[in-house]
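One chain is shown next in structure tokens, namely the form predicted alone.
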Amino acid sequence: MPDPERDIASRYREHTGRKRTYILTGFVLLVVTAVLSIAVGSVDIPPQDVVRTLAGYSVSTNWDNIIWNVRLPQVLTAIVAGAGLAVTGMVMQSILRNPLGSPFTLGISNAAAFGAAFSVIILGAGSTSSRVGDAVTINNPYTTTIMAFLFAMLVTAVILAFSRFRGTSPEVMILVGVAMGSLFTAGTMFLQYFADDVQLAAMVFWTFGDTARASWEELGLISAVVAASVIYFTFNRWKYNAIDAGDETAKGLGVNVEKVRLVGMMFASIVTAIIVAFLGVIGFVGLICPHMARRIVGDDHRFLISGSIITGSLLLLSADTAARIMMQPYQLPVAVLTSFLGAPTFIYLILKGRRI
């Protein structure tokens, strides 16, 4: 006679096994894409030679320099930044219970960009140049990141304040985010108005999100912040599952909803701040990648966090690779492609009016 409990347990293991397989497949695809991304560019390098070089075997001095000093930092930056933006978007959507939540749509990226521009132009935390390759160099990354974080947290506080009002709909919070984003965009334009020609050109160039401008040192700072945030989000995955069921249900299960929401938004804000401070504004990755991951692994945050990280890394890396090769020898900022991809998706989500 069949055992119903054993049959249910078997189906559950099969169900979770498929999700783990999807995540593992995505990770393998990410590694393959990373190798191909390093291989292509103005100088094409055979993928097998890329693997040999990364393994420590020198094939060509010129290729070694291109791989280790130019392409590998850019590829790793795209992976880490994509993961950071996607996981913060996923957390915002969960703790605010808003399918349209992301650093870009809620105005947090614009506020962080204003803080970074303020630190560079007013506080002298960066130097500007007329050269395209390094239009803005951050001399004091800590000051820039702190200013970006403070203004990002200001928008976060406003959004959280509105979310506490009874009857506040997801659409209202998005409208608040749009309004705050518009306000800080105007503030950035105000700073640019009083800048000289070189500063103005440099800051406009800097606002175009681009992974190519990050060095190994900046990559290390971004990676440390993203890793710490992912660890925190992972430890709180069960609380996010409870909040998805509703605030009252979560409180009944012993979850301090207000604390989880505040600390989660703080981590999301600092990740957004440090990415914007070093790379500029990269839109829509945090919006569309969590929804893509939900389609594959579902709403369970045990798998959704990893799925969002893989999806965000893969999307931004693929867009960055395409931006590098489509207009050779010039390199298109990756934010242009992500905006082209994200804008119609954002409109679709608005028209859909519910989670996809």
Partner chain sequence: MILEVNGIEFRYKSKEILKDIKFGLKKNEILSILGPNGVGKTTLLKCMNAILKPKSGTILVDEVDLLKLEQIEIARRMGYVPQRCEPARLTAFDAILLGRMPHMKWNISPEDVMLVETTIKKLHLEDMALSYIDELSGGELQKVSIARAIAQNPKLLLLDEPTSSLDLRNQLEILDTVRDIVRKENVSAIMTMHDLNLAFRYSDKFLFLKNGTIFAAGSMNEITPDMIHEVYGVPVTIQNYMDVSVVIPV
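Residue numbers count along the first chain shown, from 1. Quick caveat, the model's predicted, so the values are computed rather than measured.
There is another form of this protein, the form predicted in complex with its partner chain, and it is not shown here; the text below is about that form.
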| item | value |
| --- | --- |
| Contact flag, F194 vs its partner chain in the predicted bound form, heavy atom cut 4.5 Å | no |
| is_contact(N241, its partner chain) in the predicted bound form, heavy atom dist at most 4.5 Å | yes |
| Partner proximity in the predicted bound form: L154 to its partner chain, non-hydrogen atom cutoff 4.5 Å | no |
| Non-hydrogen atom contact S215 with its partner chain in the predicted bound form at 4.5 angstroms | no |
| Per-stretch contact check against its partner chain in the predicted bound form, the hit in 278-286, 146-154, 227-235, 109-117 (non-hydrogen atom, 4.5 angstroms) | 227-235 |
| Partner-contacting position among A245, A161, V204, L175 - heavy atom within 4.5 Å of its partner chain in the predicted bound form | A245 |
| Its partner chain in the predicted bound form - contacting residues of 264-298, heavy atom within 4.5 Å | G298 |
